[in-house]
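The chain below stands alone and is given in structure tokens; this is the form predicted alone.
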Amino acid sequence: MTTTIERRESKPARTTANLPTVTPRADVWETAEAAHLAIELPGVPKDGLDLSIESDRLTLTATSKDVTPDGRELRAEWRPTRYQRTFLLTEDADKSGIEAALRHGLLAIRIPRRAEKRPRSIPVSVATD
């Protein structure tokens, strides 16, 4: 396989204003204690990520950084990207207990359920007559 490299004399401007906005892919699952989200954010550094809650909405906004090294660019197929996605929180979500961790381009979010809304077992006693 042969790839031809085209030379470009000028580098196009890469400002956040002309970045495409993409809805990142996400997996969502739940356990009895919490809801979990795993969101793909390739190339996004911690300082390029914003998570916010307003009312019952968890909103993610992120921007991947430019990885073009210094020097004359010969070919550039990868571009920085702006990501945005909003998730609707259920009434049993404990908004104050939400945790998030970004690692290797994957954002993991844990949204615990409020204790009073979690399923629980009710012990049953046996009456002896």
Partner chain sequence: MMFLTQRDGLAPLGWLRDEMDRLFECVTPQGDGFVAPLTLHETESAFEARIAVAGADPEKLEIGVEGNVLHVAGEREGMPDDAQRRFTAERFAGHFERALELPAAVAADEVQAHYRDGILTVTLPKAAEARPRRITVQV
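Numbering follows the first chain given and starts at 1. Being a predicted model, the structure only gives us computed values, none of them experimental.
Keep in mind the form predicted in complex with its partner chain is missing from the figure; the text below concerns it.
The shortest heavy atom separation between residue 20 and its partner chain in the predicted bound form exceeds 4.5 Å. Within this chain, residue 89 is remote from the site of its partner chain in the predicted bound form, having no heavy atom within 4.5 Å. A residue is said to contact a partner when one of its heavy atoms sits within 4.5 Å of a partner heavy atom; residue 112 fails this definition for its partner chain in the predicted bound form, lying far away. Contact between residue 62 and its partner chain in the predicted bound form is not found at the 4.5 Å heavy atom cutoff. Among 50, 99, 73, 56, the residue placing a heavy atom within 4.5 Å of its partner chain in the predicted bound form is 73. With contact defined as any non-hydrogen atom lying within 4.5 angstroms of its partner chain in the predicted bound form, the contacting residues in 32-55 are 32, 38, 40, 41, 42, 43, 44, 45, given in sequence order.
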